[in-house]
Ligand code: TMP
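Below sits a lone chain in structure tokens, taken as the form predicted alone.
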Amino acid sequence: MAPRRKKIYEGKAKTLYEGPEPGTLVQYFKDDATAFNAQKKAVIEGKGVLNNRLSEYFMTGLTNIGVPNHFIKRLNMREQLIRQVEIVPLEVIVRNFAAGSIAKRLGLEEGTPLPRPIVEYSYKNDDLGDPLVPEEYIIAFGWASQQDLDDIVALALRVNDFLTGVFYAVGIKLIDFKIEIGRVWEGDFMRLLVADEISPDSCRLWDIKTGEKLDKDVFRRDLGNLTDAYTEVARRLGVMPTNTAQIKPTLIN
């Protein structure tokens, strides 16, 4: 790892450190896994290495199609250099099929195709359990403007189009995912970009043929070995880390 710098923030799955240049941060991917608002916790060996490589892969792909994001470059097996942003206090959820909370709320069978991609927002607050919030709340409390929300939806749907195609090409169905959005200023001009990470931690991924889960639901629901599931995703996408000393995977047949 790079020489340790001043810690800026520590979350459940990542730690942010001061970057080498103004306006940058170093994002470190931990092996910690949490579920149910951190009520269930474990350390999953190799998870951080896999998520670092996968998030690099997806963010680079978004850059290549003109979707702005915070990723600059990967530094090593567990760290990447990112732009420092002001995080909009929302989780932006895009759903293509019913699963998780929407299936429970609406009484839908998991896996039911939705009429179109649905974008939802939850307020980022662990103490409150990240509650779902309507646009009216977001605008009233000043978390984002109507123009911001229009731009966020446009970004989220472009990410959805990109990820859906990438996963479909390797036999994986993108059920849903969540992203975070950051603000950056260039002079007086404010720009929104995709931040945080994109990985199996933040997506629901099912094998198209078998329905096997290849995401954090493996941990949430005790369905098997989480590292095995994430390794399978990385293997299919062709981004398995070359230094496998930091991961001890058993590939899924």
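Note that the structure is predicted; figures quoted are calculated from it, not measured. Numbering starts at 1 and runs along the sequence shown.
FYI, the form predicted together with ligand TMP isn't displayed, but the following is about it.
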Report task. Determine whether any heavy atom of Asp130 comes within 4.5 Å of a heavy atom of ligand TMP in the predicted complex, and answer yes or no. Result -> yes
Query raised in the report: Does any heavy atom of Gly100 come within 4.5 Å of a heavy atom of ligand TMP in the predicted complex?
Result: yes
Query raised in the report: Would Asn51 count as a contact of ligand TMP in the predicted complex, using a 4.5 angstroms cut-off between non-hydrogen atoms?
Result: no
Requested in this report: Using a 4.5 Å heavy atom cut-off, state whether Val26 contacts ligand TMP in the predicted complex.
Outcome: no
Requested in this report: Name the stretch: of 222-230, 43-51, 65-73, 202-210, exactly one has residues whose heavy atoms fall within 4.5 Å of ligand TMP in the predicted complex.
Outcome: 202-210
Query raised in the report: Which pick from Ile93, Leu149, Ile172, Leu163 sits with a heavy atom within 4.5 Å of ligand TMP in the predicted complex?
Result: Ile93
Report summary line: Applying a 4.5 angstroms cut-off on non-hydrogen atoms, the residues of 162-180 near ligand TMP in the predicted complex are Asp176, Phe177, Lys178
